[in-house]
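Encoded as structure tokens, the following chain is the form predicted alone, with no partner shown.
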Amino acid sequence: MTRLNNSPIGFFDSGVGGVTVFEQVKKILPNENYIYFGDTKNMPYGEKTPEQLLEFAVNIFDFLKNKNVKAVVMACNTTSAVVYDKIKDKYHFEIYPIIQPVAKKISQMPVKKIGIFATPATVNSHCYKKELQKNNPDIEVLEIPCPSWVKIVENGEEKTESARLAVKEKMDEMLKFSPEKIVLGCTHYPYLLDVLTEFAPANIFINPSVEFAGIIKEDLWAKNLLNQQDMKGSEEFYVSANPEKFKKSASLFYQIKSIPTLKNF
């Protein structure tokens, strides 16, 4: 099992959003080796068709397969919602979608009304609502699409007045529902927490990345796939376009040293 245990864990997202998941996982599993792919050429995923999303995911999974990964973390709510069921049995490595296990955990919380901010594709799939109510039929769920938020984060515009207005518009709509918790159902959205907390207390927001990291660690341990090396693990970052822009935007959560661009995506 040594070679497999030492094999890297792959991550992918449409851009910097998945760094919020990567950062949480690396914090609790520092000895693992990591490969991260940001599909910045094709972002935002939330506006793409299911057919496009499947094509993107297959290309990325094949790339990570060639990197001999032992697991792939779908650090992207949109592909977890739209693609996971179509791809989960096609590869030999472990696959971790963010929505399904996290929604199960959230459904066990003592709350009756939960709001979801997500991309249009995730909202249209109703994946969060289905998964939450599958585990707890009594939960009321309001899903609100936020199509502009990913671009705000990718362009590093979190502190602009236009970003504040875009967040305020959606928060006004959400707060009419009187949610007890609000799930940030896109891994880009934690970058907007400073703005979001202008309109509601910080403890109302759920960043799925934190819970998701614990779920991944627990499952890798149960399957005897944790890396047993004593030294700090390695990391590789790749993007399909705009590496410097990616590094700058990701810096709120993680400092990336080098990042090549892959031209085949």
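Numbering starts at 1 and follows the sequence shown. Remember, predicted model here, so these are calculated numbers, not experimental data.
FYI, the form predicted together with a small molecule isn't displayed, but the following is about it.
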Is residue 208 close to the small molecule in the model of the complex, meaning a heavy atom pair under 4.5 Å apart or at it?
no
Partner proximity in the model of the complex: residue 60 to the small molecule, non-hydrogen atom cutoff 4.5 Å:
no
Contact flag, residue 153 vs the small molecule in the model of the complex, heavy atom cut 4.5 Å
no
Can any non-hydrogen atom of residue 43 be found within 4.5 angstroms of the small molecule in the model of the complex?
yes
Name the stretch: of 76-84, 133-141, 161-169, 100-108, exactly one has residues whose heavy atoms fall within 4.5 Å of the small molecule in the model of the complex.
76-84
